[in-house]
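This document starts with one chain, in the form predicted alone, laid out as structure tokens.
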């Protein structure tokens, strides 16, 4: 499942994050992954600005109905601001299966990139996700987000002009299996779009299927 979500962040939140990034100290991104051979970027390092940025992004994501419906979030890693200057990239890689967060271990089922820089302000820097012999590329407008499976091979292509600024995070879903998660998302979407057109007794039957699949597939609270 690959989903672009528009307007996760309102313009004022994007502006505050851009201002935080402009005033704060960034360090070599390998500080969070010292053994990586493909990571070549920068990340926000100062504790107070990093905490404020994480709060803004996490609150926006968890308050977004579309994100909630797609991810079925159980836990979310504190979002991190990452910056790419000309010549920087993040080579092809999968995301780690388990991550340590201040709240404990998190299983990364889904990865999320929130775009903060105007795509016209920089060249290169697309998020490229490899799909067998195919691929998908994402370069969203400020405030938009893309959610994709953490198990996929993906990369950030080299930036050749300007500055790519994003927030990244990882989500542990209540539905670990990606096929089951996608099926339930589609079923819920159909119920939301067509439920009012169904006979009440048939809609009740559809709801029973939704709820029973949730019981069967979700992690225990």
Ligand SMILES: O=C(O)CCC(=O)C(=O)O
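Positions refer to the first chain, counted from 1. A quick note: this is a predicted structure, and the numbers were derived from the prediction, not measured.
One more form of this protein exists, namely the form predicted in complex with the ligand; it is left out here, but the text below deals with it.
S.K.: Quick check on residue 113: any heavy atom within 4.5 Å of the ligand in the predicted bound form?
M.R.: Residue 113 belongs to the contact set for the ligand.
S.K.: Considering non-hydrogen atoms and a 4.5 Å limit, does the ligand approach residue 72 in the predicted bound form?
M.R.: So residue 72 does not count as contacting the ligand.
S.K.: Whether residue 127 contacts the ligand in the predicted bound form should be assessed with a 4.5 Å heavy atom distance threshold; does it?
M.R.: Residue 127 belongs to the contact set for the ligand.
S.K.: Taking heavy atoms and a 4.5 Å cut-off, does residue 95 contact the ligand in the predicted bound form?
M.R.: Yes, contact at 4.5 Å.
S.K.: Identify, from the list 175, 156, 171, 53, the residue with a heavy atom within 4.5 Å of the ligand in the predicted bound form.
M.R.: Checking each option against the ligand in the predicted bound form, the one that comes within 4.5 Å is 156.
S.K.: When the ligand is placed as it is in the predicted bound form, which of 56-64, 162-170, 191-199, 176-184 ends up with heavy atoms within 4.5 Å of it?
M.R.: Careful reading of the contacts points to 162-170.
S.K.: Is any part of 72-90 within 4.5 angstroms of the ligand in the predicted bound form by a non-hydrogen atom, and which residues would that be?
M.R.: Going through 72-90 in order - heavy atoms within 4.5 Å of the ligand in the predicted bound form - the hits are 84, 90.
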